[in-house]
Each structure stands twice: as C-alpha cells, then as structure tokens.
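What follows is one chain in structure tokens, specifically the form predicted on its own.
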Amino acid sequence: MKRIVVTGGSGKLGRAVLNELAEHGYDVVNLDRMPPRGQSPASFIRIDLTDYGQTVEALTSIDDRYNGVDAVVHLAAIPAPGITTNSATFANNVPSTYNIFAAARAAGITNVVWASSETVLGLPFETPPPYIPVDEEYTVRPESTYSLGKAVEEEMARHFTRWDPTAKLIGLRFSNVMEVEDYEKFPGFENDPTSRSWNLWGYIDARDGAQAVRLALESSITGFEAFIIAAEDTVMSTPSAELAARYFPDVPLRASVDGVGALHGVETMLSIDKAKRMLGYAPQHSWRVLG
C-alpha cells in the first residue's frame, strides 16, 4: 500500500488524515471540491464525486499526476443534517459513496475506508438508546435523512463485499470531530448538559480519528465492518454514570468488555471496545490535556 487517495481531505477530519498518512510514509492525494487551507502534505485534485466518470479517473490515473491507487479513504460529504435540504443531502452523499465503492471495484482496489457516522446509532437520542454504552451490536436507527444516507451506505458496503469477498470496506462511525481550538468551549457544557445529550456527550479528536483511519487501512480484515470511533472520555466533567442516571433513567447500563463495570469516571458512552479489539485503536488525545 503506497498511494492513498483521500476524498474530503480539505475538511476538519480530512486534514488530520492527510497528515497522519503522510507521517507514516504514504503518498497521499486529496480529492475535494475545495483546496485545503494552508500547507498540506498531499497533492490536490478538484473533483465532483457525484460524477462517476470523474471518480473512476481519480481512482485509476490522472495524466502526469499519478498512475494507479492502492487504497481509498472516503470522507467527502455534506457532513451533518440541516446544512442544506434533505433531498440535496441525500442526492450528494449517497451517490458519491456509491461511485467510490463502484469505481474502486472497477479499478481493482479492495481496500476502502469511509466515514459512516455516529448518527446511525439513533442520534439525536430523543428516543433513548436500547442501552448505555451504545455499541455496534444493535440494528441501525437513522432519525434524519443524513443518517438514513449513512445507513444506506453501510448496507451498500455489505453487498459490495459479498460480491467480492477479497474486498475490505470499513465504515468508521465517527463521533463529533473536534480540533484543539474547539476545546475552549467544553467547560461551558456543564452549564447545560442537555445541549450535548444528543450524542451521549461524545466527541473525537481529529488526530485520533486519523489514527483510526490509518489502522483501518492497515488492518487485514476483509468484508464489511463498522466501528464507533470516539474519544475515551466525554465532553463533560460530571461522571458518566451520573449523567446517564439523570438524563436517561430508564436505559439499562451494560458492563464493558474489560469487566471494570458499565461506566466509571468520565468514560465515553459511545463504546469503542470493538475498535480497540479489532483495529488496535488507542485514543491519545483529550480536551482535558491540550497538546
């Protein structure tokens, strides 16, 4: 695995992924509609991923830029509900992901990692989750058109890997992506915990999200797998068990895989046990310790 194309490399998570991959010796290409801000370790190519022809070209060769691609990281999307109309969100995100999956198959690329979303877990949790911490074991519960698109993408991945058992399509269900400059507002969440209950007070540092992408690419897994990717902790200083009891009193708490107990301290309520076990994921960053 030498050359990796990253769609959406100009975005918040994309920038971190480009840096992570370049630092580990990969030749990275950024496919996006907009160039990145500042310096970037990747070459940039402007693309419209809703156009299948452009997508195929970008995953095979582009004149004197490169010839051949070894793996794909697909992050490009309208990143959340409510940014544009529901139909526009679906019409952009789902066809783009289909084009990536189909173009990768046509190009003989069997290593694809893409951004699914924590929203498929049932966010916002106006209808409480079946248990806490939430994990990948229960059936997806999209509650918005954006999330519905992510659920459709995961279902597509199941069938693309059924058609080609040698293929790997890993969907990373990223929590709310944060950069260091975002952390200054975190202490204010204590004044209104309900402002962050929509995703069980979860987040992910962009650098740890990038680590998860690299580990997924380097994994020997085949087939489709989905992983929740979150920080070890919540955005709150209030203990997680206390938050769960106060705001989700009727939701049962599950013991964690490590046997320590359902919740301890400010532990995340978005279980990352599967990512730790199968990918070797180990978050390194927290808003509590900047740098």
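This one's a predicted model, so the numbers in the text were calculated from it and none came from an experiment. All residue numbers are counted from 1 along the displayed sequence.
One more form of this protein, predicted in complex with a small molecule, exists but is not displayed; see below.
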| item | value |
| --- | --- |
| Triplet 148, 171 and 224 all within 4.5 Å of the small molecule in the predicted complex via a heavy atom | no |
| Option touching the small molecule, based on a heavy atom within 4.5 Å in the predicted complex, out of 210, 100, 216, 76 | 76 |
| In the predicted complex, the one of 246, 264, 33, 254 near the small molecule [non-hydrogen atom within 4.5 angstroms] | 33 |
| Listed range touching the small molecule, judged in the predicted complex by heavy atoms within 4.5 Å, from 62 to 70, 48 to 56, 230 to 238, 246 to 254 | 48 to 56 |
| Contact test in the predicted complex: residue 283 vs the small molecule, heavy atoms, 4.5 Å | no |
| Contact flag, residue 115 vs the small molecule in the predicted complex, heavy atom cut 4.5 Å | yes |
| Distance check, residue 274 to the small molecule in the predicted complex, heavy atom within 4.5 Å | no |
| Partner proximity in the predicted complex: residue 24 to the small molecule, non-hydrogen atom cutoff 4.5 Å | no |
